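Just one chain follows, in the form predicted alone, and it is written as structure tokens.
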């Protein structure tokens, strides 16, 4: 490896320190020095040991004023090219993480179960950090594309669409060494009835509830701490397990969340509730596509029209794409379809066929539709490809 990395680990975990000491060269090109203790206990020794290191990892407590003061001293003394990472236990709150960020910590990771787990996580940080040290020219700011699913009514299948569209967007493209994979985040903002987590058989999470109760504006570190990994490659922020009011979030919090996610992901898929709340404004303002899901029953069409008018009130060119769910596209223009498109003053962009057997199987198994197959899985796959193509064309048009 042409860019060797030196790392200092300061931890109160004697087992972790012992495991790191036992393998002085745990990774190709990575040298590790491990010290037992806390940052505040080591005082000036920590700065001496950190001098010349590329990566400094400290197990610390964001509620301890002495630790925070020691972090500020350390981050002010090390090289600007060095990265300081904190290890925090599971009881750390969002405000604790914010305190660590404000003291100069770049990233906050959970305390690992083993040295191997820590090194696996740091391996993922290393290449990006080394590139920052070696690259002198400015790097273009990444801007991921936001796709929000808006159901015209409850029970129309909005979450099923959000989950499976996100899974298809995250699927590999190409084969072998030429395969690429988009970075996709899936966010469940149906605060009271969200089921994204259960559909993907993920662990329960109350990160959004904590965010709402503490009133903090999330940054990239908080989001990385809160999001869950799915086997498909998705990173998921589930709806809260505990009850929260539908308007528990503030628009500023949602705006900060979306801006942070756009810097890290290629696509951000947001599952919205069918009720309209104030914090949805920044979603609509930033969305590259709003997928309005409905059926052609008269009440559903009327509600869809009201939603289009509401969403377009402050943004005349709001990118609404109308999707009819659980109905096959008519071979010939039916009267029902013509009446619906006339009422909406726009064409139906896509049709999703009824496929209750496979939809139920996917939900019961906690797996994406692609894993169980069927007509609906095929239709969502084609929709994902079409959406990618249209979003890419729109982004290219903006750059010219």
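Residue numbers count along the first chain shown, from 1. If you're wondering where the values come from, they're calculated on a predicted model, not measured in any experiment.
Although it is not shown, the form predicted in complex with a small molecule is what the next lines describe.
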{"query": "Segment that reaches the small molecule in the predicted complex - one of 245-253, 146-154, 68-76, 170-178, heavy atoms within 4.5 Å", "finding": "146-154"}
{"query": "In the predicted complex, the residue from 326, 329, 183, 302 that sits within 4.5 Å of the small molecule by heavy atoms", "finding": "326"}
{"query": "Contact residue in the predicted complex, from 187, 199, 287, 105 (heavy atom within 4.5 Å of the small molecule)", "finding": "199"}
{"query": "Contact label in the predicted complex: residue 218 to the small molecule, heavy atom within 4.5 Å", "finding": "no"}
{"query": "Contact of residue 359 with the small molecule in the predicted complex (heavy atom, 4.5 Å)", "finding": "yes"}
{"query": "4.5 Å heavy atom contact, residue 158 and the small molecule in the predicted complex", "finding": "yes"}
{"query": "Residue 61 within 4.5 Å of the small molecule in the predicted complex, heavy atoms", "finding": "no"}
